[in-house]
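One chain comes next, on its own, written out as structure tokens in the form predicted on its own.
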């Protein structure tokens, strides 16, 4: 099974990124043909500082490998190192109905959050479709918030196949409902856009500050609480051992859950969970040239898969004569 997914390099990665996309990708690598990439072209819709984007893209790649992605067992690259994707995006845009893009809720959501309106932001789903279709991906792990974009990719693929002959595989979504949404400090979905994240590689001081800032209610300690409605518990359960999680859940249900104590336990579990990744990250950060070489080799592998698809598309639409 060919599985594909990308991650934004805009800002530091957080535990929502890890559980929502990164860990499933690392697990998928063991049993599938994995294509994973850092989506720097998509990031241009919100990041307009060149030096920052370059640093963030390299940093995201380092973080991904530190967390367990093995470039020897998958194809791993930076999106812009495969120029075929932008050509395919343009070709696909010429057959994409305007109404299809106007119905995409993510554009409206981003505008509402203050991101400047632009053609790139509006046509974001077309570039995402090109990312997926160029490599003939069969499965795309996504959160519920990206489901509509995958449906757009399928619609575009269907339209192209109907107009020019069967060309693209129709990708299927892979949604882990248990991990699709990680709550942030305020209970909303954890997102850099909301400023409610817990960075994966924060130092101990910052990590403690973020964990202690997790919003809880004012229910007295002795009173029963619903753990499933508590964002602290829903973060805690991602890291706590099964036996301790059962004990804490019992305290919520029967009374006695002390939020402050649970936060300190969460801090300890979080720090220990990512300890091996922090060590690997330091090694990679000390060797940026090696990381760039890995990414360039990954881009060459990606282009080997992309080129035959684009050549076929170019021939079908009349761009080869």
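Numbering follows the first chain given and starts at 1. Computed from a predicted model, the values in this text were never measured in an experiment.
This next part talks about the form predicted in complex with a small molecule, which is not shown.
Within 4.5 Å of the small molecule in the model of the complex, heavy atoms considered, which of 160, 201, 124, 233?
Exactly one listed residue reaches within 4.5 Å, namely 124.
With the small molecule left out of view, choose which of 88, 152, 128, 240 has a non-hydrogen atom within 4.5 angstroms of it in the model of the complex.
Answer to the contact question: 128.
For the chain shown here without its partner, which stretch in 92-100, 220-228, 132-140, 164-172 has non-hydrogen atoms within 4.5 angstroms of the small molecule in the model of the complex?
Contact-bearing stretch, as computed: 132-140.
Is residue 146 part of the interface with the small molecule in the model of the complex - any heavy atom within 4.5 Å?
Output for residue 146 is yes: heavy atoms within 4.5 Å of the small molecule.
Determine whether any heavy atom of residue 3 comes within 4.5 Å of a heavy atom of the small molecule in the model of the complex, and answer yes or no.
So residue 3 does not count as contacting the small molecule.
Within a 4.5 Å heavy atom cut-off, is residue 62 in contact with the small molecule in the model of the complex?
No - in the model of the complex, heavy atoms of residue 62 and the small molecule never come within 4.5 Å of each other.
Just to confirm, residue 39 within 4.5 Å of the small molecule in the model of the complex by heavy atoms?
Answer yes; at least one heavy atom of residue 39 falls within 4.5 Å of the small molecule in the model of the complex.
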